[in-house]
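In structure tokens, the next block holds one chain alone, the form predicted alone.
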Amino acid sequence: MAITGVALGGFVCVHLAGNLLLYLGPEVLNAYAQSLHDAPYLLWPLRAILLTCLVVHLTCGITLHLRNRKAAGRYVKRDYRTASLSSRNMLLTGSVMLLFVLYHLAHFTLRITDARFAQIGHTDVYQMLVLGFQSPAVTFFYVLAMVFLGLHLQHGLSSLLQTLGLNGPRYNRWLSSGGYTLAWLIMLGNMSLPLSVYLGVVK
């Protein structure tokens, strides 16, 4: 669970860094997209690795949820003392993220949710983002999905450090704060993209 979480979290960070090139203009963003398109020998193996990590992560998540549910069923009353909101809803936030990933792939990779994309080149990512986020419904869905991503990462980042044995009583508070900060930065960075287009900051 932790190892696949590291891989998927790393991808989220790299993906965000690439998408933030939107603010540097169409030439920079589209050149980045073209460089990925010109390297299928790297792109497809990475996609296969990410898909494998996603399947394993999802399977582990469901398994752990069922085990925890079975163990918790022995108690007459549940009294949460240290479990946060995000830690108690990892299956929910993870499920929302899975639905988001499927829609995101259909939206910008397969380009089957917006007929206007058919007239745009595959590497004109800038124009696709500008057209795609003119819809209030699409923009709202992306922003809402990022809230769930932030909640999922908020617990996941601190949890994986513990799982990998990288925590300790002397610096647990700093690691936890760092995990929370990184989760919220990723969330806000991703939110800024659809909102910037929808509000007309990026045209």
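Heads up: residue numbers just count along the shown sequence, starting at 1. None of these values were measured; they are calculated from a predicted model.
The form predicted in complex with protoporphyrin IX containing FE (HEM) exists for this protein as well; it is not shown, and the discussion that follows is about that form.
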Report whether the minimum heavy atom distance between F117 and protoporphyrin IX containing FE (HEM) in the predicted complex is within 4.5 Å. no
Examine C53 and determine whether its closest non-hydrogen atom to protoporphyrin IX containing FE (HEM) in the predicted complex is within 4.5 angstroms. no
Using a 4.5 angstroms cut-off on non-hydrogen atoms, would F108 count as touching protoporphyrin IX containing FE (HEM) in the predicted complex? yes
Indicate whether protoporphyrin IX containing FE (HEM) has at least one heavy atom within 4.5 Å of a heavy atom of H65 in the predicted complex. no
Would you mind checking 6 to 33 for residues with a heavy atom within 4.5 Å of protoporphyrin IX containing FE (HEM) in the predicted complex? F11, V12, H15, N19
